[in-house]
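This document opens with one chain alone, in structure tokens, the form predicted alone.
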């Protein structure tokens, strides 16, 4: 495990983005490099109980923002948070920033152990919780104010009407940080909260350029991305679709596809070799396109 550092409000290395915040943490613990905070930063947030649509959007936004030199900030939770960071990490672009609600030696959720490591290695992992602190429910609303304070803008991809994203949105508004939202199906409860933000006047996000312009960066304009990976065959395509954008076990993929585990294992090996999927701590994840 990488070394865990700490800074207090009196230290010269304390992040300038937080030092004048009216709710600045008295002490911060971090792994990685504080230089990740020096460039433009956008928080991508949303529900843990996201849809396939929401996961795809978060992954793509994370990927394209990182390509554009924007650090993606999120809480490393399941669902939208993890998808955004997975996308950002896949291109080797701007550093990533994770703000978590437990001690940095207490990984939560456990399924994101690999993601925690990658964020700390390619950017910054930070928490105000002392070492050994469990992920108690009250820590997450408190954590969300730090996410808002570190961001130049907050993008809500999917949020239920009473979702935890509301805490981050309120903290952003309190700090005059722009809040944007991704439109979602009016029939989806996962988009009820984010659609409500649009009704209330938040700017919509339909492509990455909407976010870049919101933080004062030049839009990239239309572009074409050619995926150079070998196209998966029919069996591999079915397995890839079953993985979706959420870490999945071999057994769950077998159940979703109705394919024997041995055949699924063969397909996964081919997908991994061709760059379409990867194994992380016993789970299988879909990989975003390379740059």
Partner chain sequence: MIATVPSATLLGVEGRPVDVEVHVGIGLPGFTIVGLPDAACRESRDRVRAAFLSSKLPWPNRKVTVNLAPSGVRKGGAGLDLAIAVGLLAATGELPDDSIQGHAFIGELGLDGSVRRVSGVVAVVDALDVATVVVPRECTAEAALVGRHDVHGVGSLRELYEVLVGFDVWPDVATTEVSPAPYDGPDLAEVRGQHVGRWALEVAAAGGHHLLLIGPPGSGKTMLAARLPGILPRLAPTQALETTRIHSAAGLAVDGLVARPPFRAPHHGASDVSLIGGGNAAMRPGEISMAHNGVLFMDEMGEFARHVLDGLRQPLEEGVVRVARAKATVVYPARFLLVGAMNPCPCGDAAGPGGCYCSPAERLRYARRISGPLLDRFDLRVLVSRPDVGDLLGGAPGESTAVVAERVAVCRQLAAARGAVLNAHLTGAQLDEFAPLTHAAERVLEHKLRTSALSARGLDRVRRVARTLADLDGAPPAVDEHHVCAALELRAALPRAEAVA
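On a predicted model such as this, the values are computed, not experimentally measured, just so you know. What we label the rigid core is the largest C-alpha set whose atoms superpose within 1.5 Å from one form to the other. Residue numbers count along the first chain shown, from 1.
In what follows, reference is made to the form predicted together with its partner chain, a form of this protein that is not presented.
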query: Exercise: residue 69 in contact with its partner chain in the model of the complex, heavy atom 4.5 Å; finding: no
query: Touches its partner chain in the model of the complex: residue 35 (any heavy atom, 4.5 Å); finding: no
query: Distance check, residue 282 to its partner chain in the model of the complex, heavy atom within 4.5 Å; finding: yes
query: Contact label in the model of the complex: residue 272 to its partner chain, heavy atom within 4.5 Å; finding: yes
query: Contact stretch among 40-48, 258-266, 57-65, 27-35 - heavy atom within 4.5 Å of its partner chain in the model of the complex; finding: 258-266
query: Residue 16 C-alpha relocation of at least 2 Å between this form and the one not shown, rigid core basis; finding: no
query: Relative Cα spacing, residue 205 and residue 277, in the model of the complex - shift of 3 Å or more; finding: closer
query: Distance trend in the model of the complex - C-alpha atoms of residue 208 and residue 276, change of 3 Å or more; finding: closer
